[in-house]
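Here you get one chain, nothing else, as structure tokens; it is the form predicted alone.
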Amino acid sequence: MTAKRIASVVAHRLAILAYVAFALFPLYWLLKVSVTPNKLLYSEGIKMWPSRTSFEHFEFVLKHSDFPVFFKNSLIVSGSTAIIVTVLASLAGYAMSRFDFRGKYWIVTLMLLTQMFPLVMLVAPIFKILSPLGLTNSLTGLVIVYTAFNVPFATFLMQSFFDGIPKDLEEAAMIDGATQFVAFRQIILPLTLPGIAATLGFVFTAAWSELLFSLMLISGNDAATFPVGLLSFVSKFSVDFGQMMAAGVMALIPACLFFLLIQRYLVQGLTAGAVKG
């Protein structure tokens, strides 16, 4: 039994290691190509690491391309969308969790229906709505579209967190004289910080990596986000893989930093209720 147990543990660890390696290999290859000089990209063939490394691709992307503009636009759009959606989803999720009101079933149904339509089918109607308002080719229009598409799922996500908090906490606060809003702000909201962090992370990454609407609604480089900017490294007859990978590496930095900042709250959410007493 001991030998079988050891073999089972080793097999389990090896399976986890294989999965991690499989998941991280594209990121490793992204980094490897980004530091490979142009002369070696094709001459050396497939190697696990180049014989010589260089940061010439990063230098070109930062100094001789519009990537800094794309990067700034993505930060503005993703950050604004994440904050707006999280605020709206927190309020809507709390209402869905705590109150019974007329039309609640139909509101939930409509919110679910918005998640059923293919995004490609909605590009033309959205463009026709935004165009007369002057919101095409603008960051404001992208924030509005991203907010509209992320609020329903974020609302259900926040509602699940609110459902896990006993109503007795609010009732006790209201007996002591607190209003419903004060009880929500001072008692319930701090308890849902893991949920807020998860919602912020989900919405930020969704907006950060979105390509379809940014490609269809933005026509110039001044308001383009980085997923669209990556296409600028693809020309009619060639692809600048080194520069594209360098831009991809730099585009990963904000998302990684963002999750590092909210990691503590995400861990609290994963471990909540694991220890009693």
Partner chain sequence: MASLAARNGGSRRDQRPLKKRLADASAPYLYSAPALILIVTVMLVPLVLGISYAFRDIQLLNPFSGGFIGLDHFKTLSQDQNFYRALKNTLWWTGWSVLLQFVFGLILALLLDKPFYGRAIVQALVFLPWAVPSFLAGLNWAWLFNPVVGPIPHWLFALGLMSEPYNILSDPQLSMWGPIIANVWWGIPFFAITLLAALQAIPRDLYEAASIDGAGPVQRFISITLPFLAPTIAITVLLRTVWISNFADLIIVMTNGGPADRSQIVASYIFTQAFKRLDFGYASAIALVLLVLLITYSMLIVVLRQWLLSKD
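Residue numbers count along the first chain shown, from 1. Small disclaimer: the values here were computed from a predicted structure and weren't measured.
Heads up, the form predicted together with the partner chain isn't pictured, but that's what we're talking about next.
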For this session: May I ask you to check whether residue 42 falls inside a 4.5 Å heavy atom distance of the partner chain in the model of the complex?
Result: yes
For this session: Flag residue 55 as yes or no: does it have a non-hydrogen atom within 4.5 angstroms of any non-hydrogen atom of the partner chain in the model of the complex?
Result: no
Exercise. So, in the model of the complex, is residue 260 in contact with the partner chain at a 4.5 angstroms heavy atom limit?
Worked result: yes
Exercise. Is residue 38 one of the residues lying within 4.5 Å of the partner chain in the model of the complex, judged by heavy atom distances?
Worked result: no
Seminar exercise, completed: Across 12 to 28, the residues having a non-hydrogen atom within 4.5 Å of the partner chain in the model of the complex turn out to be 12, 13, 15, 16, 19, 20, 22, 23, 24, 25, 26, 27
